[in-house]
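First, one chain by itself in structure tokens, the form predicted alone.
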């Protein structure tokens, strides 16, 4: 009975809403995972730089590495929204 009441407008709005939810989940979960990864990497990087100043460049690279995952999540979200 619910299928009989669904119009084209309702189906279109539902599809757009599901796309938005999927895009939000893609960005949100990658952001949370990146934050968890950066938590451990950041504390280790600060400890390494405190003991040896020459490790700063390498520690910076390792700290920035998890942030690229959020960029991938953003790309997936854009692909979902503009498909």
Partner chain sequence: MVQTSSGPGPYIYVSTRLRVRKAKLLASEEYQRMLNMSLPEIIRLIGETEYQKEVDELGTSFEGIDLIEEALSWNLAKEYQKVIELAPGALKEFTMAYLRRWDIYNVLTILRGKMQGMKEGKIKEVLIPAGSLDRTTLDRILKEESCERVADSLKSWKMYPIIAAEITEGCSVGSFSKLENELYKRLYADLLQVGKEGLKGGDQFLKFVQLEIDVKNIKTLFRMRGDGSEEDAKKFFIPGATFSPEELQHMNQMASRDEVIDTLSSKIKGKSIQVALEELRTEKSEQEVDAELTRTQLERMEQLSKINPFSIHPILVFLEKKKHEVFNLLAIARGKESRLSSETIEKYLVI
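All of these numbers come straight from a predicted model, not from anything done at the bench. Numbering follows the first chain given and starts at 1.
This protein has a second form, the form predicted together with the partner chain, left out of what is shown; the following refers to that one.
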Legend entry - the partner chain contact at residue 54 in the predicted complex, heavy atom, 4.5 Å: no
Legend entry - Exercise: residue 58 in contact with the partner chain in the predicted complex, heavy atom 4.5 Å: no
Inset, instruction - Give a yes/no on whether residue 47 approaches the partner chain to within 4.5 Å in the predicted complex, heavy atoms considered. - result: yes
Inset, instruction - Evaluate residue 39 for contact with the partner chain in the predicted complex, applying a 4.5 angstroms cut-off between non-hydrogen atoms, and reply yes or no. - result: yes
Legend entry - Contacts with the partner chain in the predicted complex, stretch 65-82 (heavy atom within 4.5 Å): none
